[in-house]
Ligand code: PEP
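Heads up, the chain below is alone and in the form predicted on its own; it's given as structure tokens.
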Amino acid sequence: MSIEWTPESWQSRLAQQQPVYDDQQQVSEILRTLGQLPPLVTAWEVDRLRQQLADAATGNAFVLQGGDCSESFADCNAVSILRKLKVLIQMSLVLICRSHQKVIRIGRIAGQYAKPRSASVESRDGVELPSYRGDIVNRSGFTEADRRPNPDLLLRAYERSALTINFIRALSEGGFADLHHPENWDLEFVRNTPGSRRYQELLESLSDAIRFMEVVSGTELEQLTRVDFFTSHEGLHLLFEQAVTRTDQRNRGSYNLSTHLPWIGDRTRAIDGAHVEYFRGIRNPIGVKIGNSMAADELVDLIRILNPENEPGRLTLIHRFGAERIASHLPQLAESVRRARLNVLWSCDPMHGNIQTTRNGIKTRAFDDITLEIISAFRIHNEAGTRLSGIHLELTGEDVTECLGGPANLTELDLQRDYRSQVDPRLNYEQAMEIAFLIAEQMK
């Protein structure tokens, strides 16, 4: 890149997937307000995650990243946040116990309010309106007022993110994740399914082991009373991301302090685009989604732009091909990165490449396709001499019916029973736990 980087330098590039506001003065005032508000995370937390990701890339940990496809302001409540944390903690416990590896927990949470769309407008019954782009931009209701991009929502997104992060931080530090009290993580609607029984058996075995170690040592194992929990979101809305960028006084570097791990989507990863320009200058660990249109030489160039010092822990590649296409795309990409000796962490997103539409027009995913892509990813990386060190899932702690199949063998008729997502379908609790057991077996 020839230009000098600043938090605003992306504005000289083509910015994809950005909202068009009709009151620029209002936008400027809100951005000025955002720039004066306290950061939501600290540079110390960001640096700690970066070091942990460097460990994961070498095989000393595994990254579990999961959460909603698109958060809504309405779900910023204690019950919804707790359920998301509970399913991620339960999944991480399965991975730790079955694979004997550390797990880095990263939520798609506290900022996942913007969504890219394949079309800029949506039509219903002859009426055409702007597409819903997430609660940070507009509303999902199909009226002209709902779909108007509203800059006030930038402040609402910051506030909801702050409330969510503060609640998560209080839970993490306050003993919610204490392994001595796994009853904290129970979900009230979970039925007596094979997956839940397997989890309870694993929990009982772990509790016995903890009691044994504490009896032998004569003291309580204090390191089991808390866990690190990091946040992430797609850094799509560049005006917002610029406004929450701060200079750290220790090293004079620039950090995006709205989240620990922002990522670039597959639709906005153009090498000469605005998102790559913004992301190349921030000190956060960052992710990039890569799909079927990514060429091997393009990927190598992109990595060198985003991680010019080839620093471990800096860059996570999140591939999303689909079960039918991963075998024809991933091998050459993995080989090109390995041959170039580039330090990256490989993560698999088995969700976005497996979207399908039912006969009734409902967007869904098949559980079998998701699991097949995960198994294929582990095998291909092993054959290529690279390492799959993470998983990136869209899931919820709610008892929804949005993805077909899984332990309850959900059908197209079941989708109509409890389909809540406004954008993409998510794994429910049972499906997510089944995925956790599958990943643990693959890790072994």
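Numbering starts at 1 and runs along the sequence shown. Everything quoted here is computed from the prediction, not taken from an experiment.
This next part talks about the form predicted in complex with the ligand, which is not shown.
For the options 230, 158, 113, 263, the one in contact with the ligand in the predicted bound form, meaning a heavy atom within 4.5 Å, is 263.
Of the residues given (133, 289, 237, 275), 289 alone sits with a heavy atom within 4.5 Å of the ligand in the predicted bound form. In the predicted bound form, no heavy atom of residue 402 sits within 4.5 Å of the ligand. In the predicted bound form, the ligand sits within 4.5 Å of a heavy atom belonging to residue 69. Mapping the unseen interface onto this chain, residue 430 falls outside it, with no heavy atom inside 4.5 Å of the ligand in the predicted bound form.
Residue contact check for residue 108: one or more of its heavy atoms lie within 4.5 Å of the ligand in the predicted bound form.
Of the candidate stretches 301 to 309, 144 to 152, 264 to 272, 244 to 252, only 264 to 272 has residues whose heavy atoms lie within 4.5 Å of the ligand in the predicted bound form. Along 406 to 433, a non-hydrogen atom within 4.5 Å of the ligand in the predicted bound form is carried only by 424.
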